[in-house]
Every structure is written in structure tokens, then in C-alpha cells.
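Just one chain follows, in the form predicted on its own, and it is written as C-alpha cells.
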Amino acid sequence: MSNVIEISHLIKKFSRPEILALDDISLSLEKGRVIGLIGPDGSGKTTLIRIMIGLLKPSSGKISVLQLSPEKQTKLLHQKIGYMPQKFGLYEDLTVLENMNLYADLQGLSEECKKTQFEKMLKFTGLAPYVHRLAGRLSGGMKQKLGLGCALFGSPQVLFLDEPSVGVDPISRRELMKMIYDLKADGITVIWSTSYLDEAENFDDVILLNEGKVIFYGHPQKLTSIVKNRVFLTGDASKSPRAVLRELIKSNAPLSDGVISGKNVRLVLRKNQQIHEVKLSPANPRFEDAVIDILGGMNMQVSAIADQIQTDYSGESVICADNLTKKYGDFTAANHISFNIKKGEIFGLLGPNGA
């Protein structure tokens, strides 16, 4: 397979104060793959994407995208790539159709080509019933589909997506993922930056950045394998999972990570370490376990704030909703909802955008 992006010893510095955003990065990215760009906040994901598409200049090093220099051949490169920025990049006071026309004109599409690509894009995104709706009145998922559709005008060979699923409900996230793999089937290479590790687990390859350095590049399962035989579940019927985890932390157990998982506690042990304080049941390692571990693990300390809070489990309700209804004109946003939230509870509100 040919490579669509070649990066050699790439460095990017920002001044005032001086920050080394990218630190000696070298990568070769293959054609026709979905490549995830992951890492904690401030790791350099957005900076790397902006250099790839010519919005930022590197401080030193070499980079080519489709055998073009993003720095010196920016205009020609932009005719061959698509870009969806981190924040909603369309005009909220224009309709779906008006945004489509604007972005098609920016790509220099003829009227005949616009008609063909509009039909294809609306079918692909499912936005045909909403072409006259203002973009600002679309749900989060619909906005991202519109942004993705507009980024595809001009039939790009490489598509850059900077955290396209942030704030999007799980159903819409799955739809976006399906759309991306449909594009892959057409030979398009996709660079997808994300903070959702369950998303990244489905990519062909992942690039893990931390403090401007590449910590890992390869298939997600290869990274997951580094915590093989180190992930366990534990629990105690006489104690809450939170109490079990707190006791393990106070005992200085060699944990890379520990989280509540239903009635159990999910533990990732540090390499070549064991614990004997509790009974352990082996669990299948997850991609997230490996990412946390390779980044050094969590700071497993008891919260000083939590220690000072006296939790009241008296059962008294602090929020009560009785037959709650809210309408906007003819639209019913909340339909006869009743619930109680008691002291000491963590209460989750779940649902797709617009629920």
C-alpha cells in the first residue's frame, strides 16, 4: 500500500510562553485506512491536524500529504482533501441547503456537479427532509452529519476530522462511524481525532500522542495486548464497590487503574505486580485499560475533598419531579416526567440529542 502522509522529525513550537507542542514526530500513514488520533488534552492532536492541512507551519521537520507540501502547495492540497474542524464550522443562521451551496461554491463546483453531489450527500447523511431548516436548529448529530457532508464536496482523497463526535449522542456517533467506513470502502483515507477511546478501538490504526510525542502507532488490539493478564474484577457483598476501591487505594495496592463497574471494581495491575488483599476474577482487557496504563496510569489516591464530605444516606429526596411537562409551542420537550433524587445518589440523565 502507498502512503498518503509522510512526516519526518516534525517539531512545532509556540512562543509566549514557549511551548513544545509537537516533539520530533515521524510517521508514515497508509492509504485507504481509518486512522485514529488520540491522546489527552494538550497532547498535540489538533496542532498535528492543522499542520497536515496547511493551517499551521511547522517549526522544523518535513511533511507531505498526497506528495504535496502543506506549507508550500496549500491551494493545490486543499483541492484534494476535506476538513471538519473541532467546533461546528458551518453557519448556524443559514439553512442546510444554503450551507451546502456556500461550501460547494468554495470548492468551485459547477451547477451540474453540485446537483449530483447534493443528491449523493443528502442520501448519505439522511438530511434530505431538513434542507430548509436553519443549521443552528439541528440536533448535535445532524450538525455533525452536515459538517461531514460539506467536507466531502469535491471528492477528497483524504478526510481530516477533528473530534467530530464531541457532544453527539451514542446513536449519532454510530451513524457517523458507519458513514466513515462507507467512505473507506470508496478508497478515502480518514484521519479522525477523538477523545472517546471506545471509538478509537474500532479504527484500523491509532496514533497515541502525549506531550507532543508519539507514544504508540499501530492496530488498537496490539496496544490492548500490553495489559493482558493484568485486568481483574473484584467485589465484596458486604461493602459498596466504592468502599472496596477506597480500601485498596489506602493499602497502596499496585494499581495502574481502578474504576467502579456495576457491583464490582475493575482493576488494572501494574506490570509484574500482584495483590492479595481481595479475591480477583480475570477480566478481558479493554483498549481504554491499555491507554491509561501506557500513559503512566491514574493517580490512585483517595480524594481529599471526598474525605471531608459527610455523605447522608437517610433516603430523603432532594429533587422531586411530579408529572413534569414542558412545551415549546406545539413541541413537547418533556412529557409527564416523574422521578425522585435522594441524598447520596449519583443520578444519570441519558438519551439521544433532543430527548
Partner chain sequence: MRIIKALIKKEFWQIVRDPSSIMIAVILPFILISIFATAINLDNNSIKTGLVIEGNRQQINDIIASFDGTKYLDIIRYNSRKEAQRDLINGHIRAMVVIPNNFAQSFMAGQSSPIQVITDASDPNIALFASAYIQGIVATAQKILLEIYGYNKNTGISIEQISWYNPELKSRYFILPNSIAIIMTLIGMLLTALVIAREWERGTMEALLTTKASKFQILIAKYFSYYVLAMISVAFCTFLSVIVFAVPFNGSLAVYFVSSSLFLFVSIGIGLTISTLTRNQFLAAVTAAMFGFLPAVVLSGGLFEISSMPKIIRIFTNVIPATHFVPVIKNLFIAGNIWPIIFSESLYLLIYGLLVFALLYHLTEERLER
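Positions refer to the first chain, counted from 1. Just so it is clear, the model here is predicted, and its values are computed rather than measured.
Quick note: we don't show the form predicted together with its partner chain, though the next part is all about it.
- Only one of 178-186, 249-257, 122-130, 90-98 lies within 4.5 Å of its partner chain in the predicted complex by heavy atoms, and it is 90-98.
- Scanning 226, 283, 134, 275 against its partner chain in the predicted complex with a 4.5 Å heavy atom cut-off leaves one residue, 134.
- Of the residues given (79, 240, 116, 221), 79 alone sits with a heavy atom within 4.5 Å of its partner chain in the predicted complex.
- Against its partner chain in the predicted complex, the set 57, 70 and 106 is in full contact: each member has a heavy atom within 4.5 Å.
- Its partner chain in the predicted complex is approached by residue 53, whose closest heavy atom lies within 4.5 angstroms of it.
- In the predicted complex, its partner chain sits within 4.5 Å of a heavy atom of residue 102.
- Residue contact with its partner chain in the predicted complex: residue 75 places a heavy atom within 4.5 Å of it.
- Using a 4.5 angstroms threshold between heavy atoms, residue 192 stays clear of its partner chain in the predicted complex.
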